[in-house]
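Next up: a single chain in C-alpha cells, the form predicted alone.
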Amino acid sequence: MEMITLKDVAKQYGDIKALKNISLEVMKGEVFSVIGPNGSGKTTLLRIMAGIEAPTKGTVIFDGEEVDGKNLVKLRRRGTMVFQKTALFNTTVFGNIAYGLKLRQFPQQEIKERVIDALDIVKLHGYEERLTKSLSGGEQQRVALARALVLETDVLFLDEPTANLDPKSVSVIEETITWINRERNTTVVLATHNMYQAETLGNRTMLIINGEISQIGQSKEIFTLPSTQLADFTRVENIFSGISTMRVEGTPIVTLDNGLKIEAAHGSGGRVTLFIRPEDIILSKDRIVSSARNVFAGQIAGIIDLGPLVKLRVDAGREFVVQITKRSFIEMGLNIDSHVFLTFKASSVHVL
C-alpha cells in the first residue's frame, strides 16, 4: 500500500524549475533511496513529501489523504525530517531530543524513557547532560536523528544524513535506518550521494537529474547493471570503453584503448562501453585455474576500508576496483603494491 503518492508535482523558484512533473509512489514500510547530483532536486522533493514546502503544481497524497491547507498540520506530525546540516539548540543533548515531545505535551516520565531509548539506538548512551556544542559533527548528527526517532512517526525523511561524517557515525546511522525500518516498520525516504548506502539500505532507488526522474526501480536491479545516466553521475567503478570484435563463435572480445583485451559473453561489434561489478571479480595471490575467460596480473594501488568489506584499486594495465571481505584481505596478507591476479567470467562483463 502507498504511503506517499506524488502526481505531476512541480516546484519553481522564480525562473528555476527545481522539480518537473514528478509522479511516484513510496510504499508503506520500505526504504526509498533518492540519488542525484547537487542541485538535482533531491532536497526539494523531500521537503514537499514532508509537507515543509508546497508544490507549485501537482498533488501530494499521504496515506490515502490528499494534502491541503486543512490537514497539513495533522499530516506533518506523521513524518519528520533530518536535514544534512544539523541545527541543534544550544543546550543539553537531553533538551534537544526532548523538545518535540514537550511540544506534543507528553508526560515527563515518557519523555525521559523515550529519550534514553533513542540515545541507546544511536549509541550515545550517557550523553544526556552533555552540551551539544561540545559534540563532534558525527555525534551532533546522531543527536538530530535521535530527536526524530523519539517522535515515532510513520515516515522518516533523511537528507544526506551521513555526508562528511566520521566512519563510526556513518555506521551507526546506517544501522539505525535498518533497525527502525525492520523493528518499527517505519517508512524511510533517504536522499544520499552514497551509492553503496543507496543499494544496501534501499528497497527501491530513484535517480533524479535536473528535477526529472531519470530512473526508478528495485535497488539491486539498478546497481547490478547501471544505466549510462547512472554511470555518468556516480562514476561507477570498472567502466571501460573499447572496440568490440566478434569472434567466430559469436562472442565479442573488446580491445580497450590501451590494448587490454576483455572477453564478454554478449554484445555487438564496434565501439562499446563495458561494466564489471567489483563483486564479480575474484582476487587471488596466485593464478586460478578455472573456466573464466578473463585473467589479469596486477598490483594493488589503493585500499578503501568499508568495515566488513574492503575495496581495492588494482593496476592491471587499466585500473580495476575489486571488492572482497576484510577477512579475505587479512588472510591473504594484502597491502599496497601486493601482486595479485584478477579473474572474472565473460558473463560478468556487461555491455551498456
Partner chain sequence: MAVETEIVEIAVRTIGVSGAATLLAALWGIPLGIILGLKRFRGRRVIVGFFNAMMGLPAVALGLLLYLLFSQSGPLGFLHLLYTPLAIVLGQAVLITPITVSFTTSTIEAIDPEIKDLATTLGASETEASMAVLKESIGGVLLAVAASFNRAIAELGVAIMVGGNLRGLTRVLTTSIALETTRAELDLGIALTIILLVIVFAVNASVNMLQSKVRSWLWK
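These figures come from a predicted structure and were not determined experimentally. Numbering follows the first chain given and starts at 1.
As for the form predicted in complex with the partner chain, it is not shown, yet the points below apply to it.
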Complete contact of 85, 89 and 151 with the partner chain in the predicted bound form (any heavy atom, 4.5 Å): yes
Listed range touching the partner chain, judged in the predicted bound form by heavy atoms within 4.5 Å, from 196-204, 250-258, 112-120, 99-107: 99-107
4.5 Å heavy atom contact, residue 67 and the partner chain in the predicted bound form: no
Heavy atom of residue 163 within 4.5 Å of the partner chain in the predicted bound form: no
Touches the partner chain in the predicted bound form: residue 271 (any heavy atom, 4.5 Å): no
Contact flag, residue 77 vs the partner chain in the predicted bound form, heavy atom cut 4.5 Å: yes
Proximity to the partner chain in the predicted bound form, single hit among 138, 267, 95, 278 (heavy atom within 4.5 Å): 95
Heavy atom within 4.5 Å of the partner chain in the predicted bound form - the one residue of 282, 209, 239, 81 that qualifies: 81
Stretch 13-48 - residues with a heavy atom within 4.5 Å of the partner chain in the predicted bound form: 47
